[in-house]
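Given as structure tokens, the chain that follows is alone and in the form predicted on its own.
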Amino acid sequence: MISLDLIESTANELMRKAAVEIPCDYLTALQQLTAEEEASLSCFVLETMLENYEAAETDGRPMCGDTGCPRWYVKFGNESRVEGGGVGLEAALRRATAQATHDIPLRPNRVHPLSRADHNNNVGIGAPEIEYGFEPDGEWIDITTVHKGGLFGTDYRMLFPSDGIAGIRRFFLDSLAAFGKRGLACQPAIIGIGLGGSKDACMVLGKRAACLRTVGDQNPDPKIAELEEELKELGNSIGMGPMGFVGKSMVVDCHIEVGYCHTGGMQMSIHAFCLSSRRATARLYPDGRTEYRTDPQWFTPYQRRETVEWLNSP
């Protein structure tokens, strides 16, 4: 059985890592973008970002003053057991969120939408969000924290089958242009796209695509992978760079996830992750072991399964 003490202490460390340590895949991609960028102001922004990341690790402080809205993704191996069950797990994650907000510190961004009540700990009704997934085997649980900006950088449109790939391109470009011109996202960023599902599922797919996949990862469907690469190149060809300035470094990577949808529609959501790609993951075992990593490994074959029953074929 996995203890609540282990969950809470690990969650505290994950919050620190996400706020302070930029993932290696993202750092390498930014260094490459910096080397390829030609516009002087965009180069300055990228170089300043890299200097800021180095200072954050040296000082042990968050890499951005706005630490976003912390959220959790929890994945259970099918044989895993947690002390206190799901209620105990959620209480541990809420305690860790409040403690980390005080200790790191994180900016307390969560308020009541009407009264604007603020507990100064990023905890409240429906906050932090906790989402769940499952895998067929294992006694472990994976816990991932993501510090995702909670204001803009997201859009949704109901497309139709007749819109096709051209409609997907159009909405993608419309959104990126709006993000850049109106300051609605912090570029460069990983762009996540959800295609299909119901409206709420489409939004979830897009956010997970942005936050839970690493730079360079491709969808296993060759046609979707080809579209990911096309949209990435398209996004970097519109003349916008970091923070909307002139340049060609707007999109670090593009990830697409799909869900089966109503026969008459083709829902699409777009999500820009933060320019720091703040995420951290740990796998916890019942013997007390903890393994930290920066790749959430969320989108496994099981998560993308199409069959009624899970067929664990190679």
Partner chain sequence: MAKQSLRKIRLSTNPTEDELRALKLGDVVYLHGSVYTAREGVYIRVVEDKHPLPLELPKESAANFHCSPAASINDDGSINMGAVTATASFRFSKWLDDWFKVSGAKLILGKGGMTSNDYRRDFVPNGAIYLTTVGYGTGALLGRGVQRVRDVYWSDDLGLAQAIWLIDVEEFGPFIVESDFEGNSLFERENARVAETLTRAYEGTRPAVLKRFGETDDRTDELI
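Computed from a predicted model, the values in this text were never measured in an experiment. Residue numbers count along the first chain shown, from 1.
What follows is about the form predicted in complex with its partner chain, which we do not show.
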Quick one: is Glu139 in contact with its partner chain in the predicted complex, heavy atoms, 4.5 Å cut-off?
-> no
Does its partner chain get within 4.5 angstroms of any non-hydrogen atom of Arg170 in the predicted complex?
-> yes
Please run the contact check for Leu284 against its partner chain in the predicted complex: heavy atoms, 4.5 angstroms, yes or no?
-> no
Is there a non-hydrogen atom of Arg81 within 4.5 angstroms of a non-hydrogen atom of its partner chain in the predicted complex?
-> no
So which stretch, 239-247, 82-90, 189-197, 208-216, is the one near its partner chain in the predicted complex (non-hydrogen atoms, 4.5 Å)?
-> 239-247
Quick one: of Val123, Val204, Ala225, Leu184, which gets a non-hydrogen atom within 4.5 angstroms of its partner chain in the predicted complex?
-> Leu184
Using a 4.5 Å cut-off on heavy atoms, what residues in 48-69 are near its partner chain in the predicted complex?
-> Thr48, Met49, Glu51, Asn52, Ala55, Ala56, Thr58, Asp59, Arg61, Pro62, Met63, Cys64, Gly65, Asp66, Thr67
Kindly indicate if, in the predicted complex, the C-alpha atoms of Cys24 and Gly183 are closer or farther apart than in the structure shown, bearing in mind the change is 3 Å or more.
-> closer
Would you mind telling me if Gly183 and Leu30 are closer or farther apart in the predicted complex than in the shown form, C-alpha to C-alpha, with a 3 Å or larger change?
-> closer
